[in-house]
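Here you get one chain, nothing else, as structure tokens; it is the form predicted on its own.
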Amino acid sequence: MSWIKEGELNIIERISANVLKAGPMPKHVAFIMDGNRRFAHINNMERQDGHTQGFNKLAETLRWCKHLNIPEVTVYAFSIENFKRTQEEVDGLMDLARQKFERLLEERENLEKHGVCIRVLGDLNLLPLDLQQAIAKAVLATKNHNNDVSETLITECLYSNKSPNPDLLIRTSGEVRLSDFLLWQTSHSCLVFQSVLWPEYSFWNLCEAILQYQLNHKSIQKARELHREHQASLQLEADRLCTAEELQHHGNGKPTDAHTRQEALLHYITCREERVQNFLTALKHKRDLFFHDLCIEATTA
């Protein structure tokens, strides 16, 4: 199945979507796609078939998100813990990933038409080399289609640094836990846990989750604003302490006037921001080089 499933919503879905879009809509939704194996067991299917059905549901869900004007989606596809499953199941999941990324590369024109940008989060070195190379090709092929230690710096260093934090995180199958997925990024997100198994997920399940987000929107925004103000206050206090230490060191302990302290503070902040930006630029270059090198290895292999 294609990554971008074509088709319009039916009339009832369109009316419901328009009602939802009259209120605040999440700009970034994260999914923990749980329940593929249980779905396969209940329906007397092979586990691999359950995972395939799960991917098909992802393609359908991306279509719903497109119609609901949700521009960014992050999904939890595979964790380090999943390597503890049987070798047969792990190999099957790797094969499925290969097939889907190869299909993605065949659909470049369609992806460009819809403005799809693929980003893969996590340690790719744990995956087979040929899969790493397929992922690198997909990331580079779609990257242009759209768009000092502190909490802000840590956020910028995460794999998800190019994305806003999720507004809404949805986990299916009835499990009420995050399984270490986007813990930092979802500290001020709306969390919705639904009992439906992922392959059975429907447009109405997504609407229900968005409605819960809308009902909690004001309190979430207030919490985020308070958090931003608190972090800004902490950063300013840290800058003042560092500036005071520098003034004391260079001034041999002599007192300084308010104007001198303010100028020194502004200079320190400018230098700190420059150091941070240089570090982030170097980090981005290293990440880009990683994907380019994988693509070159795949071409010369």
Partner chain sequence: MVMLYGLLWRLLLLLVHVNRALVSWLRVRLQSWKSRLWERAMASLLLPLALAGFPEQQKKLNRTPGADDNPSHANGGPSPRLRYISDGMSLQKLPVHIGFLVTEEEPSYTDIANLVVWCMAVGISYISVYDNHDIFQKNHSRLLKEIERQQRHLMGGDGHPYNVEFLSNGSDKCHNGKKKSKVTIFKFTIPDPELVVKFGPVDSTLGFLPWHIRLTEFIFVPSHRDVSYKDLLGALKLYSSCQQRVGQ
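Residue numbers count along the first chain shown, from 1. Keep in mind that this is a model prediction, so the values were computed, not measured.
The following text describes the form predicted together with its partner chain, which does not appear among the structures shown.
> With heavy atoms only and a cut-off of 4.5 Å, decide whether Glu263 touches its partner chain in the predicted bound form.
No - in the predicted bound form, heavy atoms of Glu263 and its partner chain never come within 4.5 Å of each other.
> Taking the shortest heavy atom distance, is Cys190 within 4.5 Å of its partner chain in the predicted bound form?
Yes.
> Taking heavy atoms and a 4.5 Å cut-off, does Leu215 contact its partner chain in the predicted bound form?
Close contact exists here: in the predicted bound form, Leu215 approaches its partner chain to within 4.5 Å, heavy atoms only.
> My question is simply whether Glu175 lines the interface with its partner chain in the predicted bound form - judged by any non-hydrogen atom within 4.5 Å.
Flag for Glu175 set to yes.
> Please tell me whether the candidate spot formed by Gln53, Thr61 and Cys117 is one where all three residues come within 4.5 Å of its partner chain in the predicted bound form (heavy atoms).
Contact check failed for every one of Gln53, Thr61 and Cys117.
> Tell me the stretch among 118-126, 105-113, 132-140, 179-187 that has any heavy atom within 4.5 angstroms of its partner chain in the predicted bound form.
After filtering at 4.5 Å, what remains is 179-187.
> If we check its partner chain in the predicted bound form, which of the residues in 200-227 reach within 4.5 angstroms of it by a non-hydrogen atom?
Result: Glu208, Leu211, Gln212, Gln214, Leu215, Asn216, Ser219, Ile220, Lys222, Ala223, Leu226, His227.
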